[in-house]
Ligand code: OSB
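There is one chain below, alone, in C-alpha cells, taken in the form predicted on its own.
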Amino acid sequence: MLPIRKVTLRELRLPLVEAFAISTGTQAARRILLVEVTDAEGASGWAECVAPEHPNYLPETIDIAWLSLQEWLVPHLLSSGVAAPAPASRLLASVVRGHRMAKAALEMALWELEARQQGVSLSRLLGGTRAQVETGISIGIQSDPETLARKAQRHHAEGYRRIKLKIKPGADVRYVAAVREALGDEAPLSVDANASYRRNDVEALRALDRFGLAMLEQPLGWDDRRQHAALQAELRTPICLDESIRCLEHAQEAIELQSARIVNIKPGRVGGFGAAQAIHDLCQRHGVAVWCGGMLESGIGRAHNVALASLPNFVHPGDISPSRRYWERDIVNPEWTMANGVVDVPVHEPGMGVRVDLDRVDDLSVRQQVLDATAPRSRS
C-alpha cells in the first residue's frame, strides 16, 4: 500500500427516524465519528467509529475515541509509515492499550482503502463468500406489550428474517409472550438484555425458555463470562454474548467456559476487521455460530457490517437493516435497501461498494480535524 498522507476526523449529528430505547437509555439522534484515510495519490478509505455518546454500552465514548485518535493513534500511524491494516493494527496495539473502537475505525478505514487500491470489494478482501446476507431487525423497548406486538407484526410482514426485542427487568416475559402470540410459533425471535439482569434473576430468564427463542443476548454483566456459563447450564435458550467479547482472548475464554452458544461480532467493538476475522475463525472451529450486530450506524458503518457478515460462519441474520429504518436520508449513495429479507453484498464494486455523499457529510459536520503526515503529533 502507498503511504498514508493524511487522516481526517469528522463528527456528524444525524437524527433517527424514531427514538430507540434499550435498558440503558433512549436515543433520538446519533453523534457519528467518521474516519477518512488518504494515501499519497489521493485515494481515500472510510470507516465509522461506533463509540456512543455516553459510556452506557462499554467504557469508550465518541469524545474519548476522538481524543485517542487525535493525540495518539493517528500520530503513531502517520509517523510509522505503516499503511497495511494488519501491521497497523499490531503497531497501534503495541503503543496504546484499550481504545478498541477508535482503533477499529482507523484499521477498518485502511481495509477499505486497500480494497479500493486493489480494485476488489471489501467483502472479498475480508474472505466473504456470500452475495447476499440475511437481515434481522432490532426493536427497542416499548411502552406496553401490545405496542411492541404491533411493531413486531409490521416488521415481520416487511420480510425481516429475525425479530430481536430489547428487554429489561419488568419489560420481558409479558412483552415476549405478546409478540410470540402475534407472530406465531415459527417466526424467528430473539431478545437482547444489554446486561440488565443479575444472577438472581434466573427465574425470569428461565421463563423465557418457553418461547422458543433463537437466542438470549447478553443477559448478565457487560464484562462477565463466568456467570454466563453457569446461567447457560440452567437454560434451554442459547445465550449469545455481545459486550463480554471484546477480543480474541475473551472469545477463547467464553468457549472454554461454555458461556455462550452464539457470539455477536461487531467489528467496532472488538478492535477492527482483523480481530473480527480471528474471532469468526475461532468460533467456526469450535462449532459456535456468529452473527453481526449493529450500533445504529450510518451507511458507512453498515457497509462494513455487510462485508463482514458475508463471511461463512455468520449464520444468523444480522442487525443490518436498510438505511430508511434509521435515517430519513443516509450519507451514502446508493442507500442500503432490503428485498425479501436480504441485503445484497456489493461484491463487484471496489471498496465498501457505496459512495460517501460528501456534500451531505459537510452539511451535517459539527467538527472536523485533518492530521497530516508532514506534522504528526504524538503523546507517549
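Only a predicted model underlies this, so the values are computations on that prediction, with no experimental measurement involved. Sequential numbering from 1, following the sequence displayed.
Below, we turn to the form predicted together with this ligand, even though it does not appear here.
Asker: Only one of 145-153, 223-231, 294-302, 124-132 has heavy atoms within 4.5 Å of this ligand in the predicted bound form; I'd like to know which.
Answerer: Single hit among the candidates: 294-302.
Asker: Tell me, out of R100, H76, K266, H280, which residue has a non-hydrogen atom within 4.5 angstroms of this ligand in the predicted bound form.
Answerer: The option sitting close enough to the partner is K266.
Asker: Thinking of E112, F273 and W336 as one candidate spot, does this ligand come within 4.5 Å of a heavy atom in every one of them in the predicted bound form?
Answerer: Not a single listed residue reaches this ligand in the predicted bound form, so no.
Asker: Would D192 count as touching this ligand in the predicted bound form under a 4.5 Å heavy atom rule?
Answerer: Close contact exists here: in the predicted bound form, D192 approaches this ligand to within 4.5 Å, heavy atoms only.
Asker: Consider W66 of the chain shown here, and say whether it contacts this ligand in the predicted bound form, taking contact as heavy atoms within 4.5 Å.
Answerer: No, W66 stays farther than 4.5 Å from this ligand in the predicted bound form.
Asker: Classify S89 as contacting or not contacting this ligand in the predicted bound form by the rule of any non-hydrogen atom within 4.5 angstroms, answering yes or no.
Answerer: Answer no; every heavy atom of S89 is more than 4.5 Å from this ligand in the predicted bound form.
Asker: Check S138 for me: does it contact this ligand in the predicted bound form (non-hydrogen atoms, 4.5 angstroms)?
Answerer: Contact with this ligand, yes.
Asker: Counting only heavy atoms, which residues in 36-74 are within 4.5 Å of this ligand in the predicted bound form?
Answerer: Heavy-atom contacts to this ligand in the predicted bound form: only Y57.
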